[in-house]
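Structure 1 and structure 2, given next as structure tokens, are two forms of the same protein chain, each shown alone.
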Structure 1
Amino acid sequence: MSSPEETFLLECGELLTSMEDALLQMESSPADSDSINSIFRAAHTIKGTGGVFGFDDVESFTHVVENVLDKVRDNEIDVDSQLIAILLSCRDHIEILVNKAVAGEDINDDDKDIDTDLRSGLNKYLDVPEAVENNLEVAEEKHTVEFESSGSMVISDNWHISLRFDKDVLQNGMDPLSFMRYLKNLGEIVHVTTLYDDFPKLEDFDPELCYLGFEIDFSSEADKEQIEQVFEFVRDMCVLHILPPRAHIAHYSEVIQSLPEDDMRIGEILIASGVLTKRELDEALNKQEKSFQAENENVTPIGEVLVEEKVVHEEVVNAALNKQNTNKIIKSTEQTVLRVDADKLDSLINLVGELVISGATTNMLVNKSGDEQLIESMSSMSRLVEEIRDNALNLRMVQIGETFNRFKRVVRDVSKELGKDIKLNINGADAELDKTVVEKIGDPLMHLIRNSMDHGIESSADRVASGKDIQGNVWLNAYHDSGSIVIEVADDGRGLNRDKILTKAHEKGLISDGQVLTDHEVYRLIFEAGFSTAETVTNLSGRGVGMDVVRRNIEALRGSVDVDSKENEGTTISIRLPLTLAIIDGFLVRVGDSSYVIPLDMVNECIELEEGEQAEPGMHGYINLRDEVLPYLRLRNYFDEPASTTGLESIVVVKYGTNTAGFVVDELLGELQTVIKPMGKILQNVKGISGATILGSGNVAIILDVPNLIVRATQAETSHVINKASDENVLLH
């Protein structure tokens, strides 16, 4: 993060991502000018900053790409799939070049071959229309000259760049020298005046600060945006004014006014370097005075002045103003985003976790004291702690969209490879979840999507034969549901084949002969270890890494995975994940001698059972809850806790997905916020518990993993019934 190279790498990553997105967008709608602009901007910025760092490979290659893009932008090259393909390859190549340049590695022979191939591919687009373009440019230029010279303009044909670096620019690893050198690539530096007026006294002079300013006359065919791009990388570390050739004197007067040095001093520099004539300077300074007086009244924006003076057409001004506005918007979003080291964030969240625990302890003590005032002040503090906790956790929340977008490219490339026409549909990209979860969900999703494309979606011929649209669909959906996020990977392919799965499961010994399974149970078998029904092993999926790995990865994130399928209609895999891995709201219960925490978002209601309502003794059974059957699990028996009190029991009704169940406990202790403490490697695989937390008393309480607990209990009961049945069989025979 600290070094400029790393920042460059990070920014390039972002630019390349947006380039890829835009390329894919352009593939579906070739006339989209936003896409081409964003691709161009990305390439241009990478070229520019690459040049500043002296990464020649990056700069020279991206330059060719940029030239092609420039022509695409001017509608001289038609956008077709061939062009998109080569540009996508170029994007990948730039990524390699950038990574190697930053790592200080040389490019190898393979890279060189790719480089050559891509360049020759790109050059095909560049050869023919060159001459035409030049003519156009010249004509346009003449036109503007004629037009602008009617106003009160500066005679100079050069750009004027006025540059003041922030003092800490050197400490940030930037050297004004590199920017000056890089500027030379864009044109000729006619004259430079280096200003050292800002030098402090010898004693105050800090050798690591930059005190220099520059007034540069620059002759170039480049446009303002291109010149600005040179300074892209120090944009927020310098004050930059760029005046076009033959700029209006008023512009000069504005710049002169805004610079830190004395106005006359700047004026003299400008005259000395031939930017302004003496007469022009006088005019500029006069104007400045006038505008200074006018400042107390309403100052007419410069744009309007120009229009009034009939110097420029209104449309031109509007276009320029619009551009300025969009620039402003971009700039303002840039400023509201602050990069923070992930470690710093983690340590903050850890501290907040400790705060929450210590807050809970204090709360307990305060409530014990019975001091009304203290209790009141504590409760307002608790609210604040809660808010701080929520805010802190929010810092780590990111939208799932970025992860989803990565798959656009995957789907495009893989469908080409498979010869299938597959469209990726994304819904709910704005759903947020914890960054650590997002990072770890990428691989399982990749696997599921490849699976869907490879095994789910039929070949075009098969689709036509079964009367389906030739284009297959893969959906990536995300939505929030009862405290979790659900991510679905769905397809409209052939669906799972029940018989095939059953045969395979028998082969692998996953099920025994007499077992009767529902469709859903059969489908769930695909998550068992070593299960893969693909008849042909393709190079995409089915290489032994199966759905069981996906399941394990998801479960490691305290999530669960489920599958639903309809023959010939498609398959949906749903992944359910917790929003955060750090803190949960829980409900504390006592079971025997121990305390357990049930995640609050799983709890439907808590009922203290009256004398006549007590559940039957035994590990499980069911009670009548408002005329509904509610199966229950007596946790004391289930956890082998000693029966301590014989007081009245309570029941916690938990809901998970479509299941409802009751946990019979010995006492309801109330809600609490808890920081999830990892159980460590030894205990992390115990099914039915998801972690531990430290209570206000300093004791550890186990956090229950409700869905897995229910699954576990169901399994135990089925096997119990089966065992019982087989026992009875034995007896009968």
Structure 2
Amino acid sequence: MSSPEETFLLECGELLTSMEDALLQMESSPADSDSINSIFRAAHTIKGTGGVFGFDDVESFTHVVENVLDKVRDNEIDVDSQLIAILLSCRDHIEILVNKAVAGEDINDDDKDIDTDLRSGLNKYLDVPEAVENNLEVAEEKHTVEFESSGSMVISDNWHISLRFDKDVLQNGMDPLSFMRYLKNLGEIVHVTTLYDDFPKLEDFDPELCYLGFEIDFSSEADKEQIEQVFEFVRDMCVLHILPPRAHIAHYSEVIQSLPEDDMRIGEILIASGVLTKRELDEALNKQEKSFQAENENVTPIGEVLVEEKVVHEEVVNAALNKQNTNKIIKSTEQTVLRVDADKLDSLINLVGELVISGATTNMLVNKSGDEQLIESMSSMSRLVEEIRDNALNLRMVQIGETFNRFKRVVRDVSKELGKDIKLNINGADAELDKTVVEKIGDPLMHLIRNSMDHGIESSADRVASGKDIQGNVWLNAYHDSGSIVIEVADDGRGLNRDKILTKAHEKGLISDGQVLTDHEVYRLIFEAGFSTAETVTNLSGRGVGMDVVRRNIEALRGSVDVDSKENEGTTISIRLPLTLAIIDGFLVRVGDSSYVIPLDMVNECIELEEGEQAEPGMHGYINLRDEVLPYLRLRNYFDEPASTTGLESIVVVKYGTNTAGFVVDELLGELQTVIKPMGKILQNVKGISGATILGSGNVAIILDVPNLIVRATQAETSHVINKASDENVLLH
């Protein structure tokens, strides 16, 4: 179980992310009240919870931020780019303070300097002197809580806070008194009544449990939301009701309507709303029972008894009755979310993988036995194993939108640095893929976006001169295709200069004189190590470092990267990745004495290789498939396997993106669930192999790197066509 501090750290991360998103939204829409309120709530929650834990640096700094945000909410401060910039810096500083506070580390001198500079910048927006900035005015007159006999109104100039902690609050690491101590920062505690209703007999007393309740009279100029935020971090460990000064019936009705959609009786609803005490309810139930026994009539509804006793007002009872009726007909649609440690999830996936391997072994033995009942039973079990596998993998699937949103801040900051007006457009944020892939794709995307902004998007003057809109655009797009996810980074900039790339490639010896390359092959040269066409070196690019790293990182994820560009129109870089790195459906084939697995999502069809083609020597070739040229790769030659004893060969037609090719194999063995095992260091860099798996027989099968093999097959075919055309020209002359 995570400690309260670790939970605080996790929640702060979510709050700071929402704060950053709202700040970026507010920069483009300064009057967006939802964004302003979201930022304020995030800062206020962090401040309040930090105060409860005694994180003074967090509380003190965030309090100044909150004061500025409060003035923004009241339209006393205009929102401009300068304010957004300092608030974004404050957001980053709060993250540092929170991380160090939870880790028990002191802030260093650099952090203190940043703290001082940011406070100075914030204080320029505040009218009050810094010396009295944290002081709170407290009302001079204090009164205790009194109720009208009808129960309709609280007669008091003080707030009334009714607080009931869960019994295990101490065991969860929370000190109830710390919240009341922190409450003093907002005002003055006039009176505290300690309730002993739940106090057990001495022999049942447990010193680690909390049995006390508190009724607090509190004088403050703070609003209800501020007082409520004091208890934000312990809300799931207590029952809290805050009654404003001179609260009317409408407030009680509001509290009742805000209760969760549980099947509560009317008395429980009234107690939960703070209108009724358990003692008052017990007395009313006793009176109800006595009335029934004496008059032997229908039971008087408890609501009517409470109204007759003038314990609560009739309108409050009606509100509770409406809530009770609503609870009966409305099912809660709130999604239940359970946080699970990533290590536990990875362990589950590994166990499911072993279950799949074991199931394959059992299935093979069962089929050999020939027992029909056993085969049928095993078929049912295999289906269940497959469902368990799919559900377990779905647990690791996350939306890529969270990763995409991180780049809003990057685009804003880099565009300011470059002096360009650039907008980030996001599409397909709800596309899902394995969390491991999401974690590792962040850095490659960062390189591509920064390069698009630096190399791709022209300066404002150049864009206007070429007839383009002054604002440049960068697009992040994601979608599913053929069992993969495609992520595109596009821009509407100047595009790639084919001639300049070729010249640079000649200088670096990447291509030879007379070598003919397609546009696609030319553009792919930008991913070669040390390649750059930038004329000047900047803080962002021009050193030839980055794009080759992008390619290697993506290929390490069993993915591929492609580029398409039109001069003066823009460039699109497409990354194609597998949805998961753990378990896939595969198609098993035999080549020579070895078994190979092809990811099933990439298999289009299987055809028999004609006798004339079988006799053709060599690793590469092509056939006519329904009037289309299909290049193929003979896996036996590629992996240096012995010749087939049967002499028969088949072609497995595979497709990856827009490319189609065939793999020539000796035998088709059918589908199977494949648990992907990484290759050892010796074989990690072998082209055409992406991993291995263990078959039911205990033998190892190689998982093919289809994208790499397709490239080899298509490139060989392109070279063949070019060479053939060249030979024909020689003959003609």
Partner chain sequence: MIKVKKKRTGLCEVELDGELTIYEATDLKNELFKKMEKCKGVTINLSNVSEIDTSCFQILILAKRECDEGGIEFTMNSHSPAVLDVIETFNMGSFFGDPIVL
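Treat the numbers as computed from the prediction; the structure is a model and nothing was measured. Counting starts at 1 and follows the sequence of structure 1. Definition used throughout: the rigid core is the maximal C-alpha set that superposes within 1.5 Å between two forms.
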**Q.** Chain form predicted alone, by structure number
**A.** 2
Q | Core-aligned C-alpha movement of Lys112 between the two structures, 2 Å or more | A | yes
Q | Core-superposed comparison between the two structures, Gly456 Cα displacement 2 Å or beyond | A | no
(Q) I want to check Glu555: does it shift between the two structures by 2 Å or more at the Cα, with the core superposed? (A) no
Q) So, with the core fitted, how far does Glu203 move at its Cα between the two structures, in angstrom? A) 5.8
Q | Shift in Å of the C-alpha at Gly213 between the two structures after core superposition | A | 3.0
